[in-house]
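Before any questions on how it binds or moves, here is one chain, the form predicted on its own, in structure tokens.
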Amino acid sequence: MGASHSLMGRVALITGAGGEIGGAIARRFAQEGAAIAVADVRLEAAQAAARAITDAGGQAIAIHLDVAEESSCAEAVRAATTHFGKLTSLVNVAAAVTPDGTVETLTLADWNKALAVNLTGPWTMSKYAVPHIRSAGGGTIINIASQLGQIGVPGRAPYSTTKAALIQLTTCLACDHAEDNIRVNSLSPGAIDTERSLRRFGTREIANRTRGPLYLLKRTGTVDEIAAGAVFLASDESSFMTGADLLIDGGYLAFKGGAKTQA
């Protein structure tokens, strides 16, 4: 995929960038000309992702970040702005892995972990990033939500609820900071072909065979397709877009998973 350099001169801090979706976004932003602060709770994963960017000729640093800890969020923003001199984009990708279950079987710790990472984390990161993005003349915040934030899913209450709330937080941040020239949007992926999602099925073939019929496009998505959407939201190509949710779900919600409707 050829780069258009649509993010030349930008500086992005990406949480969860040691993972597959976050890493793909980081690499694509770097290809488009942005300098990247690769942040992850797993420092070795962040270092590997940053090294892949610098080996390809881009600019990147690795930062240890636990988005559930306020001091860690503040330090990540400080480290990024100190190293690169400014911050123009924040991409909140980090998400908690929670077990499946109902309100009866899940623990309060399961619930609180999802809230701390999936919702409070983006809020705290935005709290510390907004002043720097404002002082840079404006920029973007992108929150990675989910198609599951718009539908009910058995056994996924913590994840679905936090992603729905993240979409609402996005709209509120957009309203609060439009005058700061900060555009805030969310991006909601459908089922994406990652190792985390494949663990539910065992193999990629089983995953696509099981999930494919639920989507209009008859397949799951790729991390590169999500990264392309994130580049669009961070670039001037989406300059008249804020407070919106960009749904990249292969037509799942339009198709409603193949559910038959009653006349």
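Throughout, we count residues from 1 along the sequence that is shown. Computed from a predicted model, the values in this text were never measured in an experiment.
The following text describes the form predicted in complex with a small molecule, which does not appear among the structures shown.
Peer 1: Just one of Thr170, Ser146, Thr88, Ser126 has a heavy atom within 4.5 angstroms of the small molecule in the predicted complex, so which one?
Peer 2: It is Ser146.
Peer 1: Under a 4.5 angstroms heavy atom criterion, identify the one residue in Ala230, Val67, Ala62, Ile53 near the small molecule in the predicted complex.
Peer 2: Residue within 4.5 Å of the partner: Val67.
Peer 1: Determine whether any heavy atom of Pro189 comes within 4.5 Å of a heavy atom of the small molecule in the predicted complex, and answer yes or no.
Peer 2: Within the cut-off, so yes.
Peer 1: With a cut-off of 4.5 Å between heavy atoms, is Thr194 one of the residues that contacts the small molecule in the predicted complex?
Peer 2: Answer yes; at least one heavy atom of Thr194 falls within 4.5 Å of the small molecule in the predicted complex.
Peer 1: With the partner left out here, check for me: in the predicted complex, does some heavy atom of Leu214 sit within 4.5 Å of the small molecule?
Peer 2: No, no contact at 4.5 Å.
Peer 1: Classify Ile21 as contacting or not contacting the small molecule in the predicted complex by the rule of any non-hydrogen atom within 4.5 angstroms, answering yes or no.
Peer 2: Ile21: contacts the small molecule in the predicted complex.
Peer 1: Decide if the three candidate residues Val11, Ile36 and Gly58 all line the small molecule in the predicted complex, where lining means a heavy atom within 4.5 Å.
Peer 2: Contact check failed for every one of Val11, Ile36 and Gly58.
Peer 1: Mind telling me which stretch in 93-101, 133-141, 80-88, 170-178 gets its heavy atoms within 4.5 Å of the small molecule in the predicted complex?
Peer 2: Contact criterion met by 93-101 only.
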